[in-house]
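Here we start with a single chain on its own, the form predicted alone, put down as structure tokens.
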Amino acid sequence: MREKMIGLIEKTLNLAHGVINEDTKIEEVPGWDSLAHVLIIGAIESDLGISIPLDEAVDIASVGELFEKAGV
């Protein structure tokens, strides 16, 4: 599931495969702004059926935290 989530992030941000990993911090990724963050959370919900509450989603600072909030 983690690989699928990473793939969705890379696809949403138009990044090459392998750019994102569990240790990636959101602030280090070009183009991962607040709008992209909302799009990523939406893609995870619609494509993978994983719901992350909005109040938790806004505090996510890394891909590892995103996995944690998603329960994967």
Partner chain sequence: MKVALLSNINADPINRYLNGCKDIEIYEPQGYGNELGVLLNRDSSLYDFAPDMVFIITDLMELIGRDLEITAAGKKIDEWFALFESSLSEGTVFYVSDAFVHGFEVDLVWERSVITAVENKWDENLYALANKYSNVRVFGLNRIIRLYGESNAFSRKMWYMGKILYSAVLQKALAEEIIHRTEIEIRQPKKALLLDLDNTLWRGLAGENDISPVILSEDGVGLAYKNFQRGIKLLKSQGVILGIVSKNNEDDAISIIENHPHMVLRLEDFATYRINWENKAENIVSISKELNIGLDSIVFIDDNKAEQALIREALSQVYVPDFPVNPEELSSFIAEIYRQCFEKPIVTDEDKNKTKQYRENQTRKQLMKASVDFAGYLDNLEMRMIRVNPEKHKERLLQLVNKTNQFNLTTRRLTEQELANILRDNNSEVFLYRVLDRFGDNGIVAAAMVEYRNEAVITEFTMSCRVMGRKIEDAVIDDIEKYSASRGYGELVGIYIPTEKNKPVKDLYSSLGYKKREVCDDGTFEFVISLKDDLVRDIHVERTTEV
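Numbering follows the first chain given and starts at 1. Quantities reported herein were computed from a predicted structural model and do not represent experimental measurements.
Just so it is clear, the following notes concern the form predicted in complex with its partner chain, a form of the same protein that is not shown.
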item	value
33, 39 and 54 each touching its partner chain in the predicted complex (heavy atom, 4.5 Å)	yes
Residue 16: touches its partner chain in the predicted complex, heavy atom cutoff 4.5 angstroms	no
Residue 58, heavy atom within 4.5 angstroms of its partner chain in the predicted complex	yes
